[in-house]
Ligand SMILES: Cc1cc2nc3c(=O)[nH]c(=O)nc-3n(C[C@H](O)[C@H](O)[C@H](O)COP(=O)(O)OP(=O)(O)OC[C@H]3O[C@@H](n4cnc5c(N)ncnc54)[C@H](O)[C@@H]3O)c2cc1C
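Okay, here we've got a single chain as structure tokens, the form predicted alone, with questions on binding and movement later.
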Amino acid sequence: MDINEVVVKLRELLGPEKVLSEPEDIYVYGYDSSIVYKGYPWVIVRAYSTEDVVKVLKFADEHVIPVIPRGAGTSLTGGPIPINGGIILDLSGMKKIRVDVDDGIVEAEAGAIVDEVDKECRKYGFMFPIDPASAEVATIGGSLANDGGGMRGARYGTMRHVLLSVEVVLPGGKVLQLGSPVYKQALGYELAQLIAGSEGTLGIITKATFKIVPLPERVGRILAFFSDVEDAAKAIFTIRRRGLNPLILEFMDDITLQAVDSVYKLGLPQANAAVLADVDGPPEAIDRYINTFKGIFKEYNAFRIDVATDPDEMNRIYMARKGAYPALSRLYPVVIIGDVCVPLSKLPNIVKAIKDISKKYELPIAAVGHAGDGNLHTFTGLHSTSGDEWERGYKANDEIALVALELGGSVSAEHGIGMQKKYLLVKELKVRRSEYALELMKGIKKLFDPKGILNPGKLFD
């Protein structure tokens, strides 16, 4: 079946308004937020219901056509890139959200925006626990497919840690409800958890149910500045070692702070690192919590500590972290983004290693991330996607990941594997003497997707 026939058949199945095939559509859907990877889909289908997804997967399975699920395209590893053509299945039109306060859950369709889910929960005095930096645009389906985390990860983990059940459509159009919308379940092999982090290679997520948590009574925000990067890392480790449980605990290095301040004019001081922490609890306890954190920051030589409980001032302080990626992206035409995780005790080591690698390859490498759970993102600033600078950028990014492995960490914390980290996934499995796990993954893929039509070329070849 040629491409024109595919387009005609899909329009017959779904209606012409749901099927896009103009050159400008093909071009736009060939990228994700990495801006590095590129592909050319044959056609785009905009799904608005589970039934739409069923029709596409029945058709694609019958004719052995690749199907690549897509939400907002905020992937940073090439996850939704159509490397073999095929059908892009855009799920961003599936936006329904239902909060059930009595049962302590929220049910959301795959295209619902994470921030909108959180806002809906807040109407009832609750919040959605997971908050990726791209929450204002990232979708529930994409975040779950990549097991996304965020700034509250130090306390609540990633999407899989609050997932209760998921509706998924398999090749051929079979719809499965995996898991149950209850807080405890013992159902044999936990297939819902298998879908989390599977990057659209096993089935298409159409809807999911998650735990929700009560809104904090009150929040205090602390932003501490350091002259020594390792002092900042040691302060983060000490906070965790002493059993403190902040709502968020974030790290920013000097390149990040300078970029954010140049774009957002926050009046930040010249510093080599900063740590952002949110503490929450009863109003009468907030001052005590703030003072505890201030004491630790001073212990590690913080030269300035900003504190806020007023919402406007808290938002201003928050931009020092929230604005990191947009600010760095404005300064450099191309940014290679890393996503490693190390044991908490090794935070000072990985921070030092990033600075050393930056000097070695003569490239600006910013370090920022959810350091409260050992997760650091690196941003390598480049001016081109070709030539010597590009090669040095990728070598530097890989070297940081390999250092994380040497420290007992992982090459990917929350951005997934996609196309970018297939080689690093193999490296990590070898380090852990678990190469056979790759064969098990391939076997699982074969079981769910016998013809290999779902997001081919991702995770592994």
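Quick note: we count residues from 1 along the sequence shown, nothing fancier. What you see is a predicted model, and the numbers here were worked out from it, not measured in a lab.
The next section is about a form of this same protein that is not shown, the form predicted together with the named molecule.
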Select, from the options 274-282, 254-262, 198-206, 211-219, the stretch whose residues sit within 4.5 angstroms of the named molecule in the predicted complex by heavy atom distance. 198-206
Residue contact check: A110 to the named molecule in the predicted complex, 4.5 Å heavy atom: yes
Can you work out whether N349 and the named molecule are in contact in the predicted complex, taking contact to mean some heavy atom pair no more than 4.5 Å apart? no
S134 versus the named molecule, in the predicted complex: is there a non-hydrogen atom within 4.5 Å? yes
At the 4.5 Å heavy atom threshold, is A138 in contact with the named molecule in the predicted complex? yes
If the cut-off is 4.5 angstroms on heavy atoms, which of these, G338, P82, G374, G148, is the one near the named molecule in the predicted complex? G148
Have a look at P171, G73, P129, G179 for me and say which one sits with a heavy atom within 4.5 Å of the named molecule in the predicted complex. G73
Could you run down 27-61 and flag each residue that has a heavy atom within 4.5 Å of the named molecule in the predicted complex? S33
